[in-house]
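So here's one chain in two forms, each on its own in structure tokens, numbered structure 1 and structure 2.
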Structure 1
Amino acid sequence: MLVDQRRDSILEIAESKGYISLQQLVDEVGASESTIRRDLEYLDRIGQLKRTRGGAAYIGDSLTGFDDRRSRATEEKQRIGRKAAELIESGETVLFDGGTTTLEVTRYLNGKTLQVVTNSLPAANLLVGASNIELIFLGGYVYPKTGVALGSLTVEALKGVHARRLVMSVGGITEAGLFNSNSLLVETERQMMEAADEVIVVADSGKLGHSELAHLCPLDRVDRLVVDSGITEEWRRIVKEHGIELIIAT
């Protein structure tokens, strides 16, 4: 079994059980104890597992496949994608993160001439054949199943990038700010925010009022929020109070 396949298997087992002992992993994965220990140390370091005495606890991002995640709130994401794409003008350089909602934005670029920078393999695959798109893919550790490049190599690549806009999605939004469920993803998105003049967050209303594992940034780092019509009056007030332009996709 390849290293990435073995680590993916460990994460799937840990996600399903919540906690898994070292011996159980040795038995289920079929690798030596020393190999499993090294894998656990690596997965702890990137924020997917928490090493404990004799095992590990799952704390990372859901490993649900990309296509499965796309099926959630599909109509809302399509409306949000269409509306957010209207904000992008020909001639711009635009950063896209690896979220499923941002992928919907790329589907509605409608022949605009753009320079697109992304760490998302699904987005790159969608745009690579478009003659009007100059595509720049950010390399790095490609996270299993999601096809998103993360980590130090991606962050370093972003330091040489400047974009007019960043279009990004998040795992949760509270009054404390934006959250995602993977520490490497948060590190990468922070650098994306540094590289862009304007930050556009695209999120279905179900993300409002919910946090995730890792805090990304305060709300006032967001310039525009594109959300579906399910947003509550309370959240309309919160968004306005933080100086964010609210755009409702109907």
Structure 2
Amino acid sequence: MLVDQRRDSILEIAESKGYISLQQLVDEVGASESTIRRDLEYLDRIGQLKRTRGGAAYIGDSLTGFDDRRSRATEEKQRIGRKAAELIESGETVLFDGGTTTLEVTRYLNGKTLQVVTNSLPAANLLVGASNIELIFLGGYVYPKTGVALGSLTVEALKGVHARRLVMSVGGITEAGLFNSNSLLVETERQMMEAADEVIVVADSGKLGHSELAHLCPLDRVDRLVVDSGITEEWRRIVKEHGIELIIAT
């Protein structure tokens, strides 16, 4: 086994368990104690591991902050994501905004050949490796909490873009329309709606009837709404009255 190979496997084991004892590594990797010792020393020196007495601890990267949102996505959001992804066809250009529900949609694009335009750093991370996806990132001021690019740079970049569909999540929906918590975000999303032929809103049913700080647009700007089965009869009626195609993820 090659040196780098061995060190990679040490890192992998360390990453999966968080902490790993030297003896355990000797057993699993199959090298001598001395060698493992030297490897740990090296990996500590280059800052990949923290050497401790009797073993080593993995140093998590700060960017894992995004990753653990994956686990926190509820089953509903996943179902909504899968259902919404079915609406997207190979060969299209699709716009994705930030938001955890939208992110779930990108997880289910597997295999589709797409041109994806997004201002969401987590979404970009998810898609950048995929060989069949051409990824265009909308630059701008990156909002620290959510990793979404916003502001005038983003709006300007959007003016040069046109897409078949926009997949968007919102903070709240009332009869007055869609809402979000941040006015910069709303400004960017408005421009996204301009740039897309069809607007698909993904939202869990808890968002219905809930309003937030900034008003985004009236309901009839939405073409399709993907929501979980918790939607009330009344809201089904309202949605239909506004000419929105209602898609329920079961």
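All residue numbers here refer to structure 1's sequence, counted from 1. Nothing here was measured: the structure is a model prediction, and the numbers come from that model. Just so we're on the same page, rigid core means the largest C-alpha set that superposes within 1.5 Å between forms.
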In this pair the form predicted together with the DNA turns out to be structure 2
Superpose on the rigid core, then tell me if the C-alpha of Asp27 is displaced by 2 angstroms or more between the two structures.
yes
On a rigid core superposition, would Ile46 pass a 2 Å threshold for CA movement between the two structures?
yes
Report, to one decimal in Å, how far the Cα of Ser9 moves between the two structures once the rigid core is superposed.
38.1
